[in-house]
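One chain comes next, on its own, written out as structure tokens in the form predicted on its own.
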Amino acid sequence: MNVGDALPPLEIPVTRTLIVAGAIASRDYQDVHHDAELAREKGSPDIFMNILTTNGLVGRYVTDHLGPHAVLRKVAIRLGAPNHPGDTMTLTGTVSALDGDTVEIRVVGANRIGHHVTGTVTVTLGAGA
């Protein structure tokens, strides 16, 4: 692994079920994550994914690529364009720093209207990674 190496992209279909299940799993009961009518009343075209679901998907993207011995040390993300039902979020990543067994990966998740998430993930590689 070298600085500048790209991770293979991961396409995630953004379904209504994924959005609602992620919100429930993270105990985020905000109506904009499960009630389309109330989301529209608040100015959104539909329900949208919460940051905790996005955070989990970003972590999964990195650890799925680096293997079961990789340990997440830091996930620092910023949300941009919302993920709505019917979108596809494509995650991409690039190795941005290496320090011994610690790797930093710059991650971008994009959908049809722009960048949904940008940030960095710091991972320690364990034996076999």
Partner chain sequence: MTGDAAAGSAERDERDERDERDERFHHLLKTFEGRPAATAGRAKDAVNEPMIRHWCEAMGDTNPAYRGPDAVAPPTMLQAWTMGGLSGHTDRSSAYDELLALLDSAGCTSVVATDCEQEYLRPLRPGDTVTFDAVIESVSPRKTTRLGTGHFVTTRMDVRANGEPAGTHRFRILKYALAAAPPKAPPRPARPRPVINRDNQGFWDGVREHRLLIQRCTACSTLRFPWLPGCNACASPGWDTVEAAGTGTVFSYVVMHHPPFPAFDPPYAVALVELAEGVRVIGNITGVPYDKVRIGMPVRLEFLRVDDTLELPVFRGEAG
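Numbering follows the first chain given and starts at 1. Values in this document were obtained by computation on a predicted structure and should not be read as measured data.
Beyond what is shown, the protein has a form predicted in complex with its partner chain; the following relates to that form.
- Just one of Thr102, Thr94, Thr63, Thr90 comes within 4.5 Å of its partner chain in the predicted bound form, counting any heavy atom, and that one is Thr63.
- Mapping the unseen interface onto this chain, Gly43 counts among the residues with a heavy atom inside 4.5 Å of its partner chain in the predicted bound form.
- Although the partner is absent here, Asp35 sits far enough away that none of its heavy atoms falls within 4.5 Å of its partner chain in the predicted bound form.
- Taking the partner from elsewhere, Pro85 is found to have every heavy atom lying beyond 4.5 Å of its partner chain in the predicted bound form.
- Contact annotation: Val108 falls outside 4.5 Å of its partner chain in the predicted bound form, judged by heavy atom distances.
- Annotation for 71 to 109: interface residues with its partner chain in the predicted bound form are Leu72, Arg73, Lys74, Val75, Ala76, Ile77, Arg78, Leu79, Pro82 [heavy atom within 4.5 Å].
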